[in-house]
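One chain comes next, on its own, written as structure tokens: the form predicted alone.
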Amino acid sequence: MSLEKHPLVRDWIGVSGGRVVVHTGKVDFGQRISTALARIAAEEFALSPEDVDVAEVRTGAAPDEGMTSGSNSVVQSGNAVRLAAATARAAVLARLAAEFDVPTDDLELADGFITHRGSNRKTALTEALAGIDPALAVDPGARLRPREEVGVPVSHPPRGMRAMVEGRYTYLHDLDVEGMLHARPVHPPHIAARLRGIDAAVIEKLEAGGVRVIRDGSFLAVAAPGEWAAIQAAGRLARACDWDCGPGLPEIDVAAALRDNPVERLPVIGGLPEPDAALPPAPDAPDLEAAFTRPYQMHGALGPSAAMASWDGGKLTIHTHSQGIYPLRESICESLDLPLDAVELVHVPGSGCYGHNGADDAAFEAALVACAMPGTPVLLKWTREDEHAFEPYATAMHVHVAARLDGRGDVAAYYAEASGDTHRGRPRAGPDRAGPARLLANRLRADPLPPYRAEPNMNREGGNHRNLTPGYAFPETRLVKRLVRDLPLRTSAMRCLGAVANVFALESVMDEAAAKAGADPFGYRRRYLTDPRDLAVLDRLEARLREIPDPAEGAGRGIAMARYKNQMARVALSVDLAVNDRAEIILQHAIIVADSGRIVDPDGIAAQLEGGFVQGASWALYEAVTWDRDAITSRDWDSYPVIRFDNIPPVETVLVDQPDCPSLGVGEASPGPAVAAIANAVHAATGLRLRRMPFTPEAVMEAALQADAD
């Protein structure tokens, strides 16, 4: 996809200041993509990664690669950079061979120079690259340097790490330019509330003290010369507001709503929704049947969202930590009725998250404030309460599973129906102002837009049906996705989309089916695996577990496996845990075995997998958004707990290198198996099947009481 839109070598590879420069549209928010891309280019040019720069990602200069999402960065941008570098290498070698009048094979590329072995004539690589034809197209069949030439990847620290550790790194929140004002939004009590009025005397006092008050309908913000002054002003203004809260947020049982609300149902065949196919029925008299639920959960970025904007009357410049600067630019232009060339977005690292947190909303709010004050740069920051209460959440999900077993206990038929709201809340342009409608402030302005009404995601392995298709060769599968309407909270993309709930459901059922068949969980899964690489990660995990002690009495071990989107990295994962007398789940040890194709950045892969495990464990054990009719109530780390260091176990990561295969995305490969393995380990330790996240002590005790009643 990336190469189709940007087919020229110069779109991806350049030279600046005598150094090789990689261009990309994928942004680095802590997943080390800039480190990986630099290493890819370095491999093809026989350079050290330290000799390769990665250009700033800004609209109009970087290739438009849409969103940094879906574990696609190495697959899309990495593939484009590798092929562009290989094409460029072949072109400069051919040109210099003709110039030196020697065979290409007599030229050696090393240490930043191209040298003729026979005469010792040499040319700097960057000089040769600078002379490439600007119209040179990337050759999709370009010869890539094999692993035996490149060598085994070695560990390198991620780009910027030293500056981060030493406190010298500049994040978006640290920006400070001459004449800048600090801004804070004043959000309503909840997303449906509207501003009736403000005490005029408070506004007069604030403005007399040098504070600007910006109002557009129910969108409200303050701007002041100092950050503390802006914080104080926002608090004073909030207390002066009179809000019409209407009926408030619906206080409903979301699990019931996921079952009973208006819904669009689509059969899923081969990973794709098929609107013209008949809806499959659930199997009659299933031998296994269960429902698995996930609550609304938030991204929980450790730093609240922020953005800097300035408007000079003709051009709007926004510095943002958005993961999709080109789609966001389009939506902001449409919101403000500006042409595309009047708005520039520059990515600056900020509050990283895997998905869509408040970054896009903060960018648009900063733009609204800046447009009200031409010529004045504005740094707008959300508070912790803003982030927790107004970011778009991961949708709650309900997955109903039924399976029919044969006489051997094998799965003869597998039925799964996955329900949830949309995962596509990012501001993407579309009919009926779909992009602007997904920006929070556009719901509040004087000419408000109604909430975006999502259509079913029809992409392969998209939305609620991501990983709904089993990675096992069952004789019969019947799969349905359900887009549920009229749910209470705004939702969008979060790491893995529907894969977490679907893998949780499938791998729990596999464990239960194995127990019914009297088979061990490894052997049972092997019955349905046909891909040698799937089998290899499972075998490596089992072999490693044989080398370590079994869990102590009263503890349990669970396993799970998945291939993210059935096309990215493969992961097999084990968890050892115990459940104490207070029904708290204590994680003791985890092993992750992963095959992500050709390894480029081993430390980066390990960090992605281990971080994914930690986030999956946090979702499994702690996280749930809460609310009442008046507001979101989970507004801090006490009311929205996340996993703490005292429950993060040792995590061992085993990487299976496939040097002759394409590199595959790993960023979302481990959270789903982590949740499922924890659930299976709880069953091994206690005999309890937990099917509703999070697995809090209350949930464990409720399951124990239900088991006693049964």
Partner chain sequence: MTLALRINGADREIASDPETPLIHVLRDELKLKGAKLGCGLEQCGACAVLVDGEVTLSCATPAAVFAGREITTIEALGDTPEGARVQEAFVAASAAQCGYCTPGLVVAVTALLQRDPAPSREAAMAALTPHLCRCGSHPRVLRAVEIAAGQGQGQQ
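Numbering follows the first chain given and starts at 1. Note that the structure is predicted; figures quoted are calculated from it, not measured.
Heads up, the form predicted in complex with the partner chain isn't pictured, but that's what we're talking about next.
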Practice item. Look up in the model of the complex whether Arg162 has a non-hydrogen atom within 4.5 angstroms of the partner chain, and give yes or no. Key: yes
Practice item. May I ask you to state whether Val651 is within 4.5 Å of the partner chain in the model of the complex, using heavy atom distances? Key: yes
Exercise for review: May I ask you to state whether His173 is within 4.5 Å of the partner chain in the model of the complex, using heavy atom distances?
Suggested key: yes
Review point. Is Tyr169 close enough to touch the partner chain in the model of the complex, meaning at least one heavy atom pair within 4.5 Å?
Key: yes
Practice item. Could you work out which of Ser574, Asn442, Ser492, Ser351 is the residue within 4.5 angstroms of the partner chain in the model of the complex, going by heavy atoms? Key: Ser351
Point to revise | Partner-contacting position among Asp244, Asp111, Glu584, Glu227 - heavy atom within 4.5 Å of the partner chain in the model of the complex | key: Glu227
Practice item. Using a 4.5 Å heavy atom cut-off, indicate which stretch of 430-438, 334-342, 379-387, 71-79 touches the partner chain in the model of the complex. Key: 379-387
Revision key, fill the gap. Within 604-627, the residues having any heavy atom within 4.5 Å of the partner chain in the model of the complex are Ala606, Ala607, Gln608, Glu610, Gly611, Val614, Gln615, Ser618, Glu623
